[in-house]
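Form predicted alone, single chain, as C-alpha cells, below.
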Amino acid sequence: MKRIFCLMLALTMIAGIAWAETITIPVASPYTGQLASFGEGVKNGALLKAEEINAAGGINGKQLEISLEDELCDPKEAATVATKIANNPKIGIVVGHLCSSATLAALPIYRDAKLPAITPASTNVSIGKMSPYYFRDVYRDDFQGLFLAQYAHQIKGYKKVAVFYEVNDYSMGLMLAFMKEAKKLGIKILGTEAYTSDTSDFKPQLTKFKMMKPDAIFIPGYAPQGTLIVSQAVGLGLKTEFFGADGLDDDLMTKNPDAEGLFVTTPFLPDKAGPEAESFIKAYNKKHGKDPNWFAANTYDAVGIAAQAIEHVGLDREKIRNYLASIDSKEKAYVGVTGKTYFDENGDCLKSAFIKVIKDGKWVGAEKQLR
C-alpha cells in the first residue's frame, strides 16, 4: 500500500509539473454549425502556429496549448463561451471571435474581466471603440466596403447595383459602408433586400431584383446563404454578376458551378503574400493538402501576437493589454504572414485588401487589383 501511495503521489506530481509547464490560449470560433468551414481555417492556423512555437522551445520554456472554444458564430453561445474563458484566472489573452455578432456579444464580458482579446476576423467598425481590451489584425468594414465600391466602379465599371444583405452586424455594417462610397462614385443602388440566417427561399426578393436589371448583386453575407442566392438567381433567369466580401470567401462557393465569376474581397492571397508567408504556406499545404485561406493566415498571426505578448510580460492581463497597445507603429509592428500588424488607439489595424475570383471552380487572385 505504501508503494502504491508513493507511486500515485509521484504521478500526481509529474502531472502537476506538466500542467504548470503549459500556457493556454483559447481560440474562440465556430467549429460546428453552418460556418464550421470558417472555423476549420481558424483551427488549422492556430494549431500550426502553436506547433511551431512548441518546436522552438515554447513560450519562455513552457509549452503552448490551444483551447478550441466552439461558439457557432452565435451571439448567445459566444457570451457563454466568453464567460467561461473570462472566469479562468490562468487565461491572459483570448484569440477570437470570428463573426462580428459573436465578438460584440463577447466584448463586454472580456472588458469587464479586463481580459485582452484579439480577433483575426471580426470587421464591424464599432468593435475597437467599445473596449480598450479588444484588438484585431484584420481590416474594418468601412475600409472593406469602400474598397469594394471602388473596385466595382474602377475595374468592373458597374453603373447599377442591387444589395442583398443578411440581418446581422457584419452584413449591415458592410452594406452601409459600400453604399456610402458607391453613391459618391455615381453607382446607382437600385434597391436593397434583407434575409435572415435561417432563410432558404430567396426567390421573392430575387424576383424584384430581376425586374430592376442590375449590373451586379452585392451579397455582404456568408457563404451558406450566398451559394443558395446565386443558384436561385440563375434558376430565375436573372442575368447579372455577383460579388461579395470576405464572408463569401469559402470553398463552399467554389463547389457551386453557378458561382463561376463571383468575386470577393479577402485580407490574404497566397500568391500576393510577402516572403514571410512562404514557409507558412508550404507547411500548411504539406499538412492539409491545400493553400491556407485568410482565416488560417490571420489566426496564425493572431496566435503569434498573443504568444509574443505573453513572452514579454507574462500572463498578467493588464500588462498584456498595455503591451499590445504599445505595438502602435510600423517600426514596432509584428511582422507576420499577413504583413505588418500594429494598432491604433482603438486597437484597429491597417491591412491591405485583395480581390479573388472563382475561375474554373477554384479561387484565384483577380488579374486586376486596385493599387
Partner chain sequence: MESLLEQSSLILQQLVNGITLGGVYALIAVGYTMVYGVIQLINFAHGEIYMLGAFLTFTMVTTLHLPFFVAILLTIMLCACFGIILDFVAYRPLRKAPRLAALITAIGMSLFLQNLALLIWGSQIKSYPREVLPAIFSKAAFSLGDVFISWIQVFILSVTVIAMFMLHIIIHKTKVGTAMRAVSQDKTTAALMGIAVNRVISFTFAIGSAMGAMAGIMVGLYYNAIFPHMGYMAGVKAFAAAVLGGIGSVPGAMLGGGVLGIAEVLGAGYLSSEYRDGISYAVMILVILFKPAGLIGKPLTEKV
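Numbering follows the first chain given and starts at 1. Model, not experiment: these values are computed from the prediction.
The form predicted in complex with the partner chain exists for this protein as well; it is not shown, and the discussion that follows is about that form.
- Of the candidate stretches 280 to 288, 144 to 152, 78 to 86, 250 to 258, only 250 to 258 contains residues with a heavy atom within 4.5 Å of the partner chain in the predicted complex.
- In the predicted complex, the partner chain sits within 4.5 Å of a heavy atom of Tyr165.
- Heavy atoms of Lys213 reach within 4.5 Å of the partner chain in the predicted complex, making it an interface residue.
- Residue contact check for Ala333: none of its heavy atoms lie within 4.5 Å of the partner chain in the predicted complex.
- Residue contact with the partner chain in the predicted complex: Leu315 places no heavy atom within 4.5 Å of it.
- In terms of contact with the partner chain in the predicted complex, the residue from Ala273, Met130, Leu176, Leu236 that brings a heavy atom within 4.5 Å is Leu236.
- Think of it this way: in the predicted complex, the partner chain has a heavy atom of just one of Ile91, Ala113, Leu190, Met172 within 4.5 Å, and the residue is Met172.
- Of all the residues from 202 to 229, those having a non-hydrogen atom no more than 4.5 Å from the partner chain in the predicted complex are Lys203, Pro204, Gln205, Thr207, Lys208, Lys210, Met211, Lys213, Pro224, Leu228.
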